[in-house]
Every structure is written in structure tokens, then in C-alpha cells.
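Only one chain is included here, represented as C-alpha cells and corresponding to the form predicted alone.
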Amino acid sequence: MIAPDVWFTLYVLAHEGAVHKRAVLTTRKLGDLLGVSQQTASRRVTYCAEEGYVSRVHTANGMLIQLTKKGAKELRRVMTNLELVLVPREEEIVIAGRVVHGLGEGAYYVDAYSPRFHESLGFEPYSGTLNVKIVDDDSRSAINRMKQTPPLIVPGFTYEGRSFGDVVCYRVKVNQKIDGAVVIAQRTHHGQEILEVISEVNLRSKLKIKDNDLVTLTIVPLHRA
């Protein structure tokens, strides 16, 4: 986890529009936005640049500055963690299931949708899915509750004459450790008892899990009252 002063600096830069394009800022203005001195602001942005969180170009009018993929990723990680801790425990939606072997088609579809997953979810997924088979009625009920929360919709597309339908996504925390998403395709060979989960890492390897191991999926709501 990055230091609070670093992620707050990234947050302020993002708020100034430095996520999708370069923003023009002086260290004086950045200091005012951060509530620190010009010198401190200069040190913070220099640190962020050295660590690869931002790209920076000095001009006569100030800095041209933009968050890198690494910087945006860290900011999203903080956002996800904040969402999790702010969810009242009684409102948490947790799905439990056991890891099962897939049909071998997950990698093809994840790769096909990869740019769209990156745009909608904020990460480029590892090739393949983790297949989780629901284990009890409580988890079946949790799935129904999940489907009542606002999803992210990854729009379909056509490629080389083949149609790929919309994909419904729900952001989750796998085993309360790793960010991911449950993906529900319009066309799937899996029954309703199996959920497909994607992440930017190989979940089996990262979590050291294998077939029949129990995993939990904690839903991260998109909106909160």
C-alpha cells in the first residue's frame, strides 16, 4: 500500500483531469490543492515521477503531468479498499464456492474482451478465468443479492464476422485479498452454479489455490447511498 500523502497527491492530480490526458499545473497551484507548501508539492510530484506513478514534462507554463497506468492502478486500489471498509458488515455480500476445473475456453474470451475489460474495470485481466462452484444456499442467496446491485456492462462487439455479446460484471475481492470481477456472459457453457472470475493476476498461483479449494467473493458495490 502506498503512503497516504502519495495517494492523496494522485487523487488531486486525477481530480484535475490528469487521468486521461495531461494536465497543466504549477507546483504553486498543486501546493494550494494539496494544502502544503510549494516546496513540499514539488517533492511529492518528483517522488511520484521517480516511482513511475506519473509522467511529467516541464514547460514554460508549468508541468504537463499525467497519471501512468501504475499510478491509476494504485489509485483504484485505494478506492476499492475504501469501499470495502466503508461497507457496513451487515450489508456485505459474500459468495462462497469451490474452485473447479474450467472448459479451457476462458482464456480465448478474456483475451478477446481484454481491452474492453481494461476500459470498464480498470485492469487488464490475466488470460483465463477462475471457475467457482457455489457450495450452499446462503451463497445462492448472495448471488441474487449481487444481481440486484448496479453492474458494469462491457458492451459486445463484432470481430472478423463473429459477434461477441455484452458481458455483465460485478467487482469483487477474492478471499478479501485480490481485486477481481465476476463476469457473466450472454452465452456461456457453464450452469448457474458456476461463476467465472477474472483478475489482473493468475488467481490460482497468487492465492495458492487448486481444484476443490474454498474461496470467497466479496462484492464491491459501485454505488452507495
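Under this definition, the rigid core comprises the largest set of C-alpha atoms superposing within 1.5 Å between the forms. Position 1 is the first residue in the sequence shown; the rest follow in order. Because the structure is predicted, anything quoted here is derived from the model rather than measured.
Omitted from view is the form predicted in complex with the DNA, to which the following refers.
- Contact check for Gln66: every heavy atom lies farther than 4.5 Å from the DNA in the predicted bound form.
- In the predicted bound form, the DNA sits within 4.5 Å of a heavy atom of Thr27.
- At a distance threshold of 4.5 angstroms between non-hydrogen atoms, Arg162 is out of contact with the DNA in the predicted bound form.
- The shortest heavy atom separation between Cys169 and the DNA in the predicted bound form exceeds 4.5 Å.
- Figure note: of the listed segments 53-61, 169-177, 153-161, 194-202, the one touching the DNA in the predicted bound form, with heavy atoms no more than 4.5 Å away, is 53-61.
- Within 4.5 angstroms of the DNA in the predicted bound form, the stretch 23-59 places a non-hydrogen atom from each of Leu25, Thr26, Thr27, Arg28, Val36, Ser37, Gln38, Gln39, Thr40, Ser42, Arg43, Arg44, Thr46, Arg56, His58, taken in sequence order.
- Once both forms are fitted on their core, the CA shift for Ser199 between this form and the one not shown remains under 2 Å.
- Ser42 shows a C-alpha shift of 2 Å or greater between this form and the one not shown [criterion: core-superposed Cα displacement of 2 Å].
- The Cα shift for Val167 between this form and the one not shown, taken after rigid core superposition, is smaller than 2 angstroms.
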